[in-house]
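Given next, in structure tokens, is a single chain: the form predicted alone.
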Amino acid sequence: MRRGIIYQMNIPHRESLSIRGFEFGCEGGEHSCAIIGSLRGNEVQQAFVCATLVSLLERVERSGGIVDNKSILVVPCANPLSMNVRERFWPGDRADINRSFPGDEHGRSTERIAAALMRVARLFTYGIQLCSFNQPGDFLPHVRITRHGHISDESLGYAEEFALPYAVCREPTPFDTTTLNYVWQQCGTHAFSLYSRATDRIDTGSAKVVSDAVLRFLVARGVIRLGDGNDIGIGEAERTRLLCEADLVDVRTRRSAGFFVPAVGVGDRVRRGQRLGAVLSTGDARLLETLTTPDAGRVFFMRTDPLIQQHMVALRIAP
């Protein structure tokens, strides 16, 4: 394992910001896979998954499990300043690094960080980003691909090699064109976004699910081999079901706002018309609205914020 600094920036009244990377395998060899962790300051789980992968890949490397002429880069945290001050976005201007790609070496702080990451990450054949969603919630672990022409169609075939329950394909919007996933594909990298069940807390169970999925993918792509001289145990693979974003069924509040009290959990199988939760008055806890599912399926996403507003997505069902 080789440690290095990908980018360093001087910060007023603080120590300089350093973005560190861990490289495994052949130095100067084929740039096989880059794994990027937290781009936002509250993505603690994403940094934890990457740190876990650093430990696992170090063991794989010691046992000779990195395939000849292959290399892997892991960047656990690309936004240590925001993480240190417990801010989701960049302190000061509230800019989002994951809306700053491909970056600008002479631009704002987030644009300079994005440019430094792209300078390295664009060299790799496969790119894996550990992501969080823009709504506070709990997901089933899954892999997501933003469609971007022919390369994303090929990536959809590779997505099954993570062996997670779902792979979700979504059509891009103008909002997506400055994200790491989208710009990575423009550079010719097969880009995958992996979602865990947590963001601002550590969930060791789903962290293992996601780190196991990354190792399965690296084995399937011929980057590492397991079983010879190492004792790394990988959980059972699942058959991946491909979904389009539009296939997911939104369960929204109608005219009520208040406490959101769920009656199911993420991953639960539900039947048509089943009660999923309730909205209660914040004044006297009386029932304002009962949320039910219009279709049978599995709870894919559930809001974790205890307060909910009108017309807001509370749950999403994979039919």
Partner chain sequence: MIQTVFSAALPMGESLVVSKNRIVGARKAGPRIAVVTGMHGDALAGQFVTFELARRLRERPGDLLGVVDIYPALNPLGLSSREHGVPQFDIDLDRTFPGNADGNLTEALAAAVLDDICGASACLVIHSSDAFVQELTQARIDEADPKVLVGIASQLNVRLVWVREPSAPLGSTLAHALNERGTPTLEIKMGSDVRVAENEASWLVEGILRMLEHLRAWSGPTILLPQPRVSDGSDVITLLSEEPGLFLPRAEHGSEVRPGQSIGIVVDALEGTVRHEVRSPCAGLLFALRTYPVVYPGSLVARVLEVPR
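Numbering follows the first chain given and starts at 1. Take the two forms, superpose them, and find the largest set of C-alpha atoms that agree within 1.5 Å; that set is the rigid core. It should be emphasised that the depicted structure is a prediction, and the values quoted were computed from it without experimental measurement.
The next section is about a form of this same protein that is not shown, the form predicted together with the partner chain.
The closest heavy atom approach of residue 309 to the partner chain in the model of the complex falls within 4.5 Å. In the model of the complex, the partner chain sits within 4.5 Å of a heavy atom belonging to residue 305.
A residue is said to contact a partner when one of its heavy atoms sits within 4.5 Å of a partner heavy atom; residue 166 fails this definition for the partner chain in the model of the complex, lying far away.
At the 4.5 Å threshold, heavy atoms of residue 89 reach the partner chain in the model of the complex.
Across the options 147 to 155, 130 to 138, 211 to 219, 70 to 78, residues that bring heavy atoms within 4.5 Å of the partner chain in the model of the complex belong to 130 to 138. Proximity to the partner chain in the model of the complex holds for all of 9, 94 and 109, with the criterion being a heavy atom within 4.5 Å. Of the residues given (177, 240, 84, 125), 177 alone sits with a heavy atom within 4.5 Å of the partner chain in the model of the complex. Screening 65, 258, 41, 277 for any heavy atom within 4.5 Å of the partner chain in the model of the complex leaves a single hit, 258. Once both forms are fitted on their core, a CA shift of 2 Å or more is seen for residue 282 between this form and the one not shown.
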